[in-house]
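Here's a solo chain for you in structure tokens, the form predicted on its own.
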């Protein structure tokens, strides 16, 4: 129930449309009850020569209840008065009372269906807008999460939360929740009407209610359990599929097509089994309800024949009562299906709120202030960090990056170089020690302002499936064309951009698949130039390129680094030999520092790495 109430809180911004929907649905319920009452004069007055008046007429006229007749309820008297007024108004414009009655039935049906349309439209709009807000908040929450969260949650599972789970909620809030109000109002109105016609007969009809309630409760519990299992299996299947698609080259290179196909079939078989169990519960629900409903109806007909034989009910009243019961059947059936849909939505809501409520590891400190301008430099002081307990990556790491200087970080694989690049923009936070900018802990700056001051170019260039222009001016609504082209030229990117027929309007494809590795990297440099950050991180920016592409990108990077405080993470020492300062890392700490020539002269780890790479001067 807490999950459902929390979902409903998302409707608050759309309460106006929800109110319109409720008013329309109340009108539908009232029109339905009045339509059921019109069955009495249709059968008794038109087809039964006024039989209904023998029971109804005297009470309405105030002439007493008649021998053996019970007084009419206020509900039936009110309906009778409204009927007489409407019939009189229509009779003055039509040839006979029969025509007036027929016109009144048609008018009531028209009003009922018009209100049904407006009520359901308003509810659909409310539900869809509510789910849209929920999905937007879900994506907002995911965008705030740190890399640690995404390492623990497979991408396919998170995509399932945003798409499949939210669709389950859509089915309940938009498609089914309107039925809850509409059918609830209708059932209540018809129940009041039924009890007003004959209390004992209505009470006898409700004897069969427990037979309907028990299956509802039983099926809802089983379906909720099966729905959980089905969604878990779907997430597993999506995970396998995502891995296969991303690693298809490796799969083919190792000849593992059959292995991966078998692994996917295992996942689909588990999903099939879980899904089939859920559908089995759904399929069994309707037949059980119908068998119980027909059995109850037969019992009611037997009791009604007894009342008619005693003169306590006419055929028209009984027919009206049956119509009321029949009209309750479909709403109750839909309410049962609604309950099943709600159970599935609650299960999906639990998974969605688990994402929304997941703690964000990297947040602004209380009273965090905006970052201004870097004047002195950045310092790593006794920094310790581990991705997993008891597996430290950084062990007392110390490094100073003076403002406006280029500092390179080199060392063997696994030394912790890329971790340093992850800590500086606070993708992760240090676990001991601190990182300061002009003597201020970077955790005292707002995340938005600190990250806004940093440009990042990595080995794995991320481009979006949009135009070259939009990729360079990433996230900018208004693009300065002159500045954009200047950045592309400085990154040596315009030479290949203009070779495309659409130039800057060329769509690069998913992950920039239409471009070569060097072209993608030059666009990443142009993007960093357009952002114009005072601090720059280059993490193995040229390691995946061939010699020719690397030479071009290196020139672009030199243009990018000019006048900026830069941290360069590199494996190939030739790319950092001109850095202002080089720090050599090993086993999570700095073991050597100096210029290229100084480090070569010391014959330490740097000189050893240089010798391995054939770099002698």
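Residue numbers count along the first chain shown, from 1. The shown structure was predicted, so the numbers you read here are calculated from the model rather than taken from an experiment.
The next section is about a form of this same protein that is not shown, the form predicted in complex with a small molecule.
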query: Among the candidates 396, 404, 412, 425, the residue which, in the predicted complex, approaches the small molecule to within 4.5 Å (heavy atoms); finding: 412
query: In the predicted complex, the one of 519, 230, 419, 196 near the small molecule [non-hydrogen atom within 4.5 angstroms]; finding: 419
query: Partner proximity in the predicted complex: residue 124 to the small molecule, non-hydrogen atom cutoff 4.5 Å; finding: no
query: Proximity of residue 510 to the small molecule in the predicted complex, heavy atoms at 4.5 Å; finding: no
query: Contact test in the predicted complex: residue 571 vs the small molecule, heavy atoms, 4.5 Å; finding: yes
query: Non-hydrogen atom contact residue 353 with the small molecule in the predicted complex at 4.5 angstroms; finding: no
query: Segment assignment from 450-458, 343-351, 382-390, 264-272: heavy atom within 4.5 Å of the small molecule in the predicted complex; finding: 382-390
